[in-house]
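Take a look at this single chain in structure tokens; it is the form predicted alone.
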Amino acid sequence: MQYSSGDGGLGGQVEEAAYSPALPRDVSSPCVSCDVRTQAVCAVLSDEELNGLASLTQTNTYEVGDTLFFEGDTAGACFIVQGGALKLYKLLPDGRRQITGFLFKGDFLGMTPVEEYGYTAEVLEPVKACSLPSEKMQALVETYPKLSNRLLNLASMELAVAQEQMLLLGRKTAQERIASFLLWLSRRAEDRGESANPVRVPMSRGDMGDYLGLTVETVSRSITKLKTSGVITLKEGNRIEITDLDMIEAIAAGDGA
């Protein structure tokens, strides 16, 4: 399983000096002062433990269209998203693309039990992310059981999302899929402490279609139908306002028009 939230066993030993919980607290440490600390996988670590983590990580920025890694690349690092949005996708042998998820601020990706990444992570809007070598991440997991438990929780949430995705693709209509997706984006924003409405939609309609199993035309028709029926309003800056929450929830549940 790819450990990523949202939406993703390595070997190695811990170097005592790098991970000692006795390290002095440094409130200026980028990990201690990071604004996604309470949301990210490292939320379970203390200030002192984060001091050690900070010496092993590096922070990079990525522009739209950049990739953190490609499917099939050697899995050399794990990432924590500090800002922006990413899409995860796999390519079929015939070149078709299936988007498997979207990641946002606070999400974790890149840890895998095999030697290669199982998907591509591409930037949807400018991303800031810290990275940690895979072997160091595994060493931390072995040193701090609470980090292992945190990863297990993330994997469990990822499985729940995958099960919901199977239901969405297998049983829901196009209208129900779009409604469910917009509500999911709204909940994710609220979880990050951002505005849940209007909903920020950083992905294109083509990306939405590749995730929801719909054509671009069907996505556009479904959004237009929701708009003309007064359920949503399209805003500037890739935002969609949910103007009738009860109705969009009913549509998502299969009880609407």
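Please read all numbers here as calculations on a predicted model, not as lab measurements. Residue numbers here begin at 1 and follow the sequence given.
Omitted from view is the form predicted together with a further copy of the same chain, to which the following refers.
S.K.: Are any of the heavy atoms in E158 no more than 4.5 Å from a heavy atom of a further copy of the same chain in the predicted bound form?
M.R.: Judged by the heavy-atom cut-off of 4.5 Å, E158 is in contact with a further copy of the same chain in the predicted bound form.
S.K.: Considering non-hydrogen atoms and a 4.5 Å limit, does a further copy of the same chain approach G52 in the predicted bound form?
M.R.: G52: no contact with a further copy of the same chain in the predicted bound form.
S.K.: Taking heavy atoms and a 4.5 Å cut-off, does M111 contact a further copy of the same chain in the predicted bound form?
M.R.: Result yes; M111 sits at the interface with a further copy of the same chain in the predicted bound form.
S.K.: Heavy atom to heavy atom, is G213 within 4.5 Å of a further copy of the same chain in the predicted bound form?
M.R.: Yes.
S.K.: Based on heavy atom distances of at most 4.5 Å to a further copy of the same chain in the predicted bound form, which listed stretch, 121 to 129, 182 to 190, 78 to 86, 150 to 158, is the contact stretch?
M.R.: In the other structure, the partner sits against 150 to 158.
S.K.: Would you mind checking 156 to 192 for residues with a heavy atom within 4.5 Å of a further copy of the same chain in the predicted bound form?
M.R.: Contacts from 156 to 192: S156, M157, E158, L159, A162, Q163, E164, Q165, M166, L167, L169, G170, R171, K172, T173, E176.
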